[in-house]
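Just one chain is shown here, as structure tokens, and it is the form predicted alone.
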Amino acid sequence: MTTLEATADNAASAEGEAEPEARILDHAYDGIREYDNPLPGWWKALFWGSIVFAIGYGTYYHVVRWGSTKEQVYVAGLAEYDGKREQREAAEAASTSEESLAASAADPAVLEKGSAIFASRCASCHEKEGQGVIGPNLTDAYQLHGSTRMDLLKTVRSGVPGTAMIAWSEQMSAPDLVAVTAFVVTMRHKNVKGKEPQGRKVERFKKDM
């Protein structure tokens, strides 16, 4: 035996002693034998833990129904929000009046803000000058909902169910609602040629209340 072969045999023997060969199982398939290599303990723990968690999760949420799903939490939150809408609107209405809206309609700073809001939020339905396209003409002597400045504010704030007029209170703050309403107030009786009159004829808004 050469020195090189002896060295290789010694290395193989040392390796065999350091890492004993795994036990070979008794069965064989097409001459193929299988080693008995058990899974690591952490893998088994994770596997059984996931089964226990799944059973507990299913029992908690779907059997005894102690917990609420994300959908149920959302529905409950939305219902609570809608339930308090009337309270919020009443609180806003208490701080706003025909007199305050008339004053806002005469305030250049408020009108500038309202004009910008109208251009970005309302012009798509009422056109730039308020002559109407999807929504009604805001410049004639007719009003679909009510007849006062406060009626206009209510329409802007709460919307009109079944129409393209959404409740802007969902997207705008109370000062913004007042500003855009004040701007719409100034459009009355400008009579820009556009959509035919809708609603009932109303009086011109008084400058001073």
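Predicted model, so just to flag it, every value in this text is computed and none were measured. Residue numbers run from 1 along the displayed sequence.
Keep in mind that the form predicted in complex with a small molecule is not shown, yet the notes after this line are about it.
Chemist: Test of understanding: in the predicted complex, would residue 152 fall inside 4.5 Å of the small molecule by heavy atoms?
Modeler: Yes.
Chemist: Please tell me whether any heavy atom belonging to residue 105 falls inside 4.5 Å of a heavy atom of the small molecule, as the geometry stands in the predicted complex.
Modeler: Residue 105 lies outside the contact set for the small molecule.
Chemist: Would you please decide whether residue 178 lies within 4.5 angstroms of the small molecule in the predicted complex, comparing each non-hydrogen atom pair?
Modeler: It does not: once the small molecule is placed as it appears in the predicted complex, residue 178 has no heavy atom within 4.5 Å of it.
Chemist: Is residue 121 close to the small molecule in the predicted complex, meaning a heavy atom pair under 4.5 Å apart or at it?
Modeler: Because a heavy atom of residue 121 falls inside 4.5 Å of the small molecule in the predicted complex, the answer is yes.
Chemist: May I ask whether 101, 110 and 174 all come within 4.5 angstroms of the small molecule in the predicted complex, judged by heavy atoms?
Modeler: Judged in the predicted complex, none of 101, 110 and 174 sits within 4.5 Å of the small molecule.
Chemist: Could you spot which one of 59, 50, 163, 69 gets a heavy atom to within 4.5 Å of the small molecule in the predicted complex?
Modeler: Checking each option against the small molecule in the predicted complex, the one that comes within 4.5 Å is 163.
Chemist: Among 180-188, 61-69, 26-34, 39-47, which stretch sits within 4.5 Å of the small molecule in the predicted complex, heavy atoms only?
Modeler: Result for this chain: 180-188.
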